[in-house]
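The chain below stands alone, shown as structure tokens; this is the form predicted alone.
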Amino acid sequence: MLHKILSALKQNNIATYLINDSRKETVELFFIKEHLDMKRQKEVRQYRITVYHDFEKNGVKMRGSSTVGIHCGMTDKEVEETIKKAYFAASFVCNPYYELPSGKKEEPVIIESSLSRNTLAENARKMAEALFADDSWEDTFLNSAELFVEKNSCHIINSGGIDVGYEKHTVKGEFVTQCITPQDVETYQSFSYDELDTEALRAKVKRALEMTKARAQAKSAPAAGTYTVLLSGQYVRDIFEYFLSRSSAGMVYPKYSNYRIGDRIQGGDVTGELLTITLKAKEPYSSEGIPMTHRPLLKDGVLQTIHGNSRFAYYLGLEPTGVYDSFLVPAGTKYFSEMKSGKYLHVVNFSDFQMDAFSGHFAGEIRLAFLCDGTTVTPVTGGSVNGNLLKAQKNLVFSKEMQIEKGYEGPYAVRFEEVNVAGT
């Protein structure tokens, strides 16, 4: 298929292009309770072609682009027509000119991991065992689950000489836990790992079972007011992700973000923890073929890197780094037990949690939280949390306990002061 694509590009006189060739092999397991309802193994090959059209508008040099998908069953004529239409569509995209990355042919990179040492089927078996290892409660159980073990092979070619590739293994999935007494409730959870991390999955399932059992006990919402709020689990990642979004070239160039390298993004009067975040290269190359490495994003609250693709990096006069969506954060200064002091509201599950990268506002409807009045801890449900990270970032406290979530390795919990809670 690759020769068909290259031939079609040449026949249409398209000199500037990017080809992403991906092949995904998967073993997929579907469970109803502990029963394996279906097992599926498949291989999918996809080609995504981006063509670039250079032209002038009002004397200004422009570079438009358009991306299309090509599948293996297409004929030579269908491939050529698809690419021809994409090139025509690119002529209507009026982006100021920018340069694309260039490079050379490199040997494919095999990303070594504990997953790459086994077959897909063996990895699926081990993760499935971890998934159900603690599913032995009387009235709380895994209602259903889906498990996907993948081997991804990516090949990236562009007109600037880049010809690189890599092979990577991942495991991901989702599950629903259910408690039937004193009321029937369910909790949805998802997971994703780049290693054969059976312990992380087992811990996540155990927390979900505990959470679901507590949710069945919760009857009322907390009283409306201002609280010390603790967030844990996946919501800590959502909080940190704000800083990744604000530091992306795609946010900085159109001035949605005012971040500049060297800025103290928490301000000058921080009483809590100074933030340190490392951008993690989960793949050796971005989708454009840009080499990716671990990079410091924040060091003690000071911005070190603005990350982004070739287009926005070119506009800002910066090195194109590729777009990062994974990151590492060091452990915090307090044990979680120390963070749970005095009166607090510990929210462990939202119906929906939103972290606005533009305003810094975060909010969510409480599905389950634990309310401590200084002595007694009570499960509650209902109401909502409303806060702003721009205000809260000066006095954040993070746990020493760590966790692994999708694209995130860092503290398990964060503590906010004086957060508004809507309730009874």
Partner chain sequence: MKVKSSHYLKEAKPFLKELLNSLLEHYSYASILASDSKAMIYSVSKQGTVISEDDILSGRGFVAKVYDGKSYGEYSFNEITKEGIPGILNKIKYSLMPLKDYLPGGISESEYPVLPDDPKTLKESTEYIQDPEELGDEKIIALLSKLCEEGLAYNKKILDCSAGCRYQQYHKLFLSKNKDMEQNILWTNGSLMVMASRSEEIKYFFKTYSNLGGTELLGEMERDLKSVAFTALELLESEPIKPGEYDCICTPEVTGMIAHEAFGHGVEMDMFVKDRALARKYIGKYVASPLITMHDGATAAKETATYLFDDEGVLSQDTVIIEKGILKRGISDSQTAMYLSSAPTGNGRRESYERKAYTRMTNTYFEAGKDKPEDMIASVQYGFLLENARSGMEDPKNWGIQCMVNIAREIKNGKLTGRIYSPIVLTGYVPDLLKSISMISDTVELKGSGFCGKGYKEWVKVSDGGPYIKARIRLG
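What you are looking at is a predicted structure, and each value in this text was computed from that prediction instead of being measured. Residue numbers count along the first chain shown, from 1. Only the largest set of C-alpha atoms that superpose within 1.5 Å between the two forms is called the rigid core.
Just so you know, the form predicted together with its partner chain exists too; it's not on screen, but the next bit is about it.
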**Fill in**
Of the candidate stretches 282 to 290, 137 to 145, 268 to 276, 103 to 111, the one with residues having heavy atoms within 4.5 Å of its partner chain in the predicted complex is 137 to 145
**Message:** Under a 4.5 Å heavy atom criterion, is Ser159 part of the interface with its partner chain in the predicted complex?
**Reply:** no
**Item:** Contact of Arg215 with its partner chain in the predicted complex (heavy atom, 4.5 Å)
**Value:** yes
**Asked** Do Lys39 and its partner chain come within 4.5 Å of each other in the predicted complex, heavy atoms counted?
**Response** yes
**Asked** Are any of the heavy atoms in Gln178 no more than 4.5 Å from a heavy atom of its partner chain in the predicted complex?
**Response** yes
**Asked** Quick one: of Asp163, Glu186, Asp325, Glu99, which gets a non-hydrogen atom within 4.5 angstroms of its partner chain in the predicted complex?
**Response** Glu186
**Item:** Contact residue in the predicted complex, chosen from Cys372, Ala392, Val27, Met62 - any heavy atom within 4.5 Å of its partner chain
**Value:** Val27
**Message:** Just to make sure I understand: among 103 to 133, which residues lie within 4.5 Å of its partner chain in the predicted complex, judging by heavy atoms?
**Reply:** Ala121, Glu122, Arg125, Ala128, Glu129, Phe132
**Message:** On a rigid core superposition, would Leu29 pass a 2 Å threshold for CA movement between the shown form and the other one?
**Reply:** yes
**Request:** Answer yes if the CA of Glu43 moves 2 Å or more between the shown form and the other one after aligning the rigid core, and no otherwise.
**Result:** yes
**Message:** Once the core is aligned, does Ile265 move its Cα by at least 2 Å between the shown form and the other one?
**Reply:** no
